[in-house]
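Only one chain is shown below, in structure tokens, and it's the form predicted on its own.
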């Protein structure tokens, strides 16, 4: 059994992984008043300890940059005071178990590759070069290249949200959920969710705005196709999975023509548990490598 933990900006989730599915899943809100390492780890341990008796190791998916088990927050509003914090060491010492730590988008990419939209059962085409793109409040991603999860020593990679849009602003600043929220509220609407609702109802202004966001994401995916040989991209996240978004990404690729229209873009399959599944599957693979 592997103990899986997902640390996000709004919630903490934990579960046991038996090699094929999540068991005994539980969650709680991420501490809001104090998001320091001590506060968040203390809350996580409250979730983990009741499950830890059956586990052989801990697998963690966390927001932020991860390098050698240390976490640095990319957004100070999400995790406060997290700079090269040794999360792996803190959990290992608290539970006396080996710990493996991944960025949450990387974990989700590996989860989708092994057990979701990138798995062999999902398509007859080769998906050994695969990307997961989450379009939510921000935009993130993870890459699988030649069947291996792509990571770097400094922890920054596949940061699609920080790639540049045509106006030289980061992609997530113009196409992510927070950007759509700001645009919607400036019009007197409630936020990005209302844009989606209005687009479904046929509102041309809402349709144009959603199409603009999806088009920018499609072009980022198209760049992965020609630069890294990515053959399949799974779109996830609250905005990415909203009504009509995937279809707009696919339509943009079709309009771009050859060679970009050969990229296969599909819906992510694991939902909110992609990070838990991916972290656990990755930890299991790391354990297997260490076993003589």
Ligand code: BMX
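Quick caveat: nothing in here was measured; it's all calculated off a predicted structure. Residue numbers count along the first chain shown, from 1.
If you look for the form predicted in complex with the ligand, you will not find it shown, but the lines that follow are about it.
By the criterion of a heavy atom within 4.5 Å, residue 159 is counted among the residues contacting the ligand in the predicted bound form. For the chain shown alone, residue 179 is not a contact residue for the ligand in the predicted bound form, no non-hydrogen atom being within 4.5 angstroms. Interface membership of residue 65, defined by any non-hydrogen atom within 4.5 Å of the ligand in the predicted bound form, is confirmed. Among heavy atoms of residue 112, none comes within 4.5 Å of the ligand in the predicted bound form. Think of it this way: in the predicted bound form, the ligand has a heavy atom of just one of 214, 131, 79, 91 within 4.5 Å, and the residue is 79.
Think of it this way: in the predicted bound form, the ligand has a heavy atom of just one of 151, 75, 197, 119 within 4.5 Å, and the residue is 75. In summary, the region of this chain contacting the ligand in the predicted bound form, judged by heavy atoms within 4.5 Å and restricted to 93-101, 200-208, 137-145, 180-188, corresponds to 137-145. Contacts with the ligand in the predicted bound form, taken as any heavy atom within 4.5 Å, map within 1-39 to 8, 9.
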